[in-house]
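Heads up, the chain below is alone and in the form predicted alone; it's given as structure tokens.
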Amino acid sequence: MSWFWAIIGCICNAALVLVLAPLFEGILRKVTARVQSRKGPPLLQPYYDLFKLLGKEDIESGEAPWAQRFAAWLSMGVVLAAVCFVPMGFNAPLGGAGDALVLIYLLMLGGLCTLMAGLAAGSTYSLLGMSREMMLMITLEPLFAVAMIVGAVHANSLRLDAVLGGAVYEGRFGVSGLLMLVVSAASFQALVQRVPFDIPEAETEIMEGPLSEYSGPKLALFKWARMAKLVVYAALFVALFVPWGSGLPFPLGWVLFWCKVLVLVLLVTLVAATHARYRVDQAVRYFGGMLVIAVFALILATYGY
């Protein structure tokens, strides 16, 4: 009956992320407004926005409506699939069924959905946003992949349940792990597509970039997936780099896990509220430097450091 509990765990993880993601987005907006001396929207405003978009007419435009539909649903499907491999205060339902490479491919596929969305729309703004997304993916996605591989090297296994948390507990984090902690923290803002690295979206410049031609339910799916991605990456960061306390009995371990996720979300909010958006060339140079450090950390990890 282990498969039954795995299915139940996947459903619970997906439901938890879908419910909490708009709440974290509301916290992000509220804190940003307070930092900038504004009142800000209500805490539940993201829920209202999503429900409003889901209730609108599904208008299709662009050169390939079928690709627009597929990209919207795939973006949400990818996030929900990734949730099944990530601990959310408990052991991941499919942590023993997949490995680090599966999770890397899944999260990389989320960026490809954005590229597909921009290509399907065919407008000038969406194509410009798609080109920016592509340039960032080339330098950003390898950072997450290297972080997972360094964790796998320290854990001596590609199994996710060994990579996420085990290496730190067993004292094999090493210098390479500390370097990847710095690199992952420095690039986290971009992984969740927040200021100053929300370059493909850039509402004040190119009107939401790849999603400029989207409206109604499909736009809601993309926005909901983006909110959920913040929760997923925050949970991954906590599980990979700061898993201490996860072995505490329920509900202490569960509450501590979500407190750490909330702290990470607040840090993302403070950075977004106090920094201006980077130019594309600035972001590429920044991530290029981070990639050099990440490769150096991977070399150290292979030698046991």
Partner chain sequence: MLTPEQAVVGAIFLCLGGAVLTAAVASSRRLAGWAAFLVTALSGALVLAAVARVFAGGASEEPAQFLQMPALGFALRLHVDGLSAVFLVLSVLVAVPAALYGIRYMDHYSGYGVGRYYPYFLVFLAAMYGLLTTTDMMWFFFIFWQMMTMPGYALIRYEHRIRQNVRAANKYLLMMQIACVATMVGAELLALTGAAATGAGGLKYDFESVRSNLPAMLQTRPTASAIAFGLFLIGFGIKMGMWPFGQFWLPDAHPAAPSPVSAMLSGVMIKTGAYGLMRYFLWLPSPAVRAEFPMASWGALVVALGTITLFTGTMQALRQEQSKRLLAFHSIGQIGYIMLGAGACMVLLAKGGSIGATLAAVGLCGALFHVLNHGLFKALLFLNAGSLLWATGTQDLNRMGGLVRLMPLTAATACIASFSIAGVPLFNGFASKWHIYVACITGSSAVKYLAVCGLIAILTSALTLASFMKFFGASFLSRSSKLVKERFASRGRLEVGGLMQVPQVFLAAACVLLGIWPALGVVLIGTALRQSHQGWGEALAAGTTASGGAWWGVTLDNGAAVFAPAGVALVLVGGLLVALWVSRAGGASRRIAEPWLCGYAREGEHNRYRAHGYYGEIKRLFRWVGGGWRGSMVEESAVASRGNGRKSG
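Positions refer to the first chain, counted from 1. All figures in this text were calculated on a predicted structure; none of them were measured in a lab.
One more form of this protein, predicted together with the partner chain, exists but is not displayed; see below.
Enquirer: Please tell me which of A234, A190, M227, V78 lies within 4.5 Å of the partner chain in the predicted bound form, judged by heavy atoms.
Expert: Selected residue: V78.
Enquirer: Is I8 close enough to touch the partner chain in the predicted bound form, meaning at least one heavy atom pair within 4.5 Å?
Expert: No - in the predicted bound form, heavy atoms of I8 and the partner chain never come within 4.5 Å of each other.
Enquirer: G40 versus the partner chain, in the predicted bound form: is there a non-hydrogen atom within 4.5 Å?
Expert: No.
Enquirer: Would you please decide whether L179 lies within 4.5 angstroms of the partner chain in the predicted bound form, comparing each non-hydrogen atom pair?
Expert: Output for L179 is no: heavy atoms all beyond 4.5 Å of the partner chain.
Enquirer: Given that the partner is absent here, does L18 sit within 4.5 Å of the partner chain in the predicted bound form, heavy atoms only?
Expert: It does: once the partner chain is placed as it appears in the predicted bound form, L18 has a heavy atom within 4.5 Å of it.
Enquirer: Only one of 40-48, 65-73, 249-257, 236-244 gets a heavy atom within 4.5 Å of the partner chain in the predicted bound form; which is it?
Expert: Stretch 65-73 is the one.
Enquirer: Pick out the residues of 268-288 whose heavy atoms come within 4.5 Å of the partner chain in the predicted bound form.
Expert: Result: V280, D281, V284, R285.
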